[in-house]
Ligand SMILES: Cc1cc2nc3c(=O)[nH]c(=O)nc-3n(C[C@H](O)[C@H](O)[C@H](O)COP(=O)(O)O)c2cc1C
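Shown below, as structure tokens, is a lone chain in the form predicted alone; questions about how it binds or moves come after it.
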């Protein structure tokens, strides 16, 4: 068995986008999923649908599913199950859907992290697919997801292909993210330090050069080449381009029976 040092697992974890042909057995999957659902929870509002079928994954390719993935998981907020339990106890759901969804995101996030770390401890790798909420129509059709159940995130899982060069990505300095006793607004030098750590780290790894793509500007001339295009520019462009889908997320949630948002 690989090392079970939890700190080593956490600090060495990186996203894997290319996997070997080695199958993920049902026994391994069961262990990983059982560990996932041992996470702390608010209301057990998390469910997951997983598949090993290539044809199903092909149908979900719009999510960014990688072609060598052995297992695809989609983690869901499951209010449908909660309401069935409530009916068995003679109660009718009457709650702010915004708060319920908020608790559901907590449940899903905790379960996903447990799954990722459990998989790492068994020699598997993974990569998250964050656009699942905006592709709810596709996911619901392919995976037979009912109303009052909503996709939060996808996860590609398998054994890492050693031929793929992957590196551990930089993070903000701890002092820029963790504050004792009260929130502390970062000074301008601290903001610049945080940006420098992220940008220099990504540039040193030639991350966007290897990716071969930049988010285009909506207007104006793009005079930033790959020698200067790094994480801070990328994340800034990502959040200044307007909506990421035709419909806002609130409207999509409404189609799936969530109200008052």
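Note that the structure is predicted; figures quoted are calculated from it, not measured. Numbering follows the first chain given and starts at 1.
Although it is not shown, the form predicted together with the ligand is what the next lines describe.
Undergrad: The ligand isn't shown here, but in the predicted complex which of 169, 147, 87, 184 has a heavy atom within 4.5 Å of it?
TA: By the 4.5 Å criterion, the partner-contacting residue is 169.
Undergrad: Out of 226, 50, 37, 66, which one falls within 4.5 Å of the ligand in the predicted complex, going by heavy atoms?
TA: None of the others qualify; the residue that does is 66.
Undergrad: With the distance limit set at 4.5 angstroms and only heavy atoms considered, check whether 8, 32 and 117 all reach the ligand in the predicted complex.
TA: Per the other structure, none of 8, 32 and 117 touch the ligand.
Undergrad: Mark residue 17 yes when one of its heavy atoms lies within 4.5 Å of a heavy atom of the ligand in the predicted complex, and no otherwise.
TA: Close contact exists here: in the predicted complex, residue 17 approaches the ligand to within 4.5 Å, heavy atoms only.
Undergrad: Quick check on residue 153: any heavy atom within 4.5 Å of the ligand in the predicted complex?
TA: It does: once the ligand is placed as it appears in the predicted complex, residue 153 has a heavy atom within 4.5 Å of it.
Undergrad: Would residue 130 show up as a contact with the ligand in the predicted complex if we use heavy atoms at 4.5 Å?
TA: Yes, residue 130 is a contact residue.
Undergrad: At 4.5 Å between heavy atoms, is residue 41 in contact with the ligand in the predicted complex?
TA: It does not: once the ligand is placed as it appears in the predicted complex, residue 41 has no heavy atom within 4.5 Å of it.
Undergrad: Heavy atoms within 4.5 Å of the ligand in the predicted complex: which stretch among 121-129, 135-143, 71-79, 97-105?
TA: Correct option: 121-129.
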